[in-house]
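Next up: just one chain, as structure tokens, the form predicted alone.
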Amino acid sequence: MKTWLILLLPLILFAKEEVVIKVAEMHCPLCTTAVKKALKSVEGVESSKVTLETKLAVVIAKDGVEDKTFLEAVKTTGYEGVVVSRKHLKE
């Protein structure tokens, strides 16, 4: 039993997710910069990429960060976001 726990522990501790958030109201590069900075400030976020053309933010974060945490960060910039997908990443 302990052997399984030891083997699974790194997977649990270092599990990552890719979260895609639609931020439809962005209309300029300053908007994308503000959203990217807000998402990057969330604890557990490793990276964030925001694209104006698609109005999507792609966040790589530790597993377990809740959708509402990302959406609250987006809201601090004055925009509303919607999580459109979420998937676990393999190490």
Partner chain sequence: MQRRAFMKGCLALGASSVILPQVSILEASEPKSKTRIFFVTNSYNLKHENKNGLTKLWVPLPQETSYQKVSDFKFSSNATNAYVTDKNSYKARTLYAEWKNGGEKLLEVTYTITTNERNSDLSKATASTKYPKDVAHYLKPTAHIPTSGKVKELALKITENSKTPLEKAKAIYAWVTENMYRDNAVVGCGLGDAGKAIEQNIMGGKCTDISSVFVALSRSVGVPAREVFGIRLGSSRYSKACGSSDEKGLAKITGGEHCRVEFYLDGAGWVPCDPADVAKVILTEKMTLNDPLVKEVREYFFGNWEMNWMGYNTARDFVLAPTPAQKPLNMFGYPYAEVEDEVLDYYAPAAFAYSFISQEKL
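Residue numbers count along the first chain shown, from 1. In this text the structure is predicted, and so the values were computed from the model without any measurement.
Only in words, not in the display: the form predicted in complex with the partner chain, which the text now covers.
Interface residue remark: Gly44 is not counted as part of the site for the partner chain in the model of the complex, having no heavy atom within 4.5 Å. Residue contact with the partner chain in the model of the complex: Val65 places no heavy atom within 4.5 Å of it. Proximity of Leu52 to the partner chain in the model of the complex: non-hydrogen atoms within 4.5 Å are present. Looking at 25 to 46, the residues that come within 4.5 Å of the partner chain in the model of the complex, counting any heavy atom, are His27, Cys28, Pro29, Leu30, Thr32, Thr33, Lys36, Lys37.
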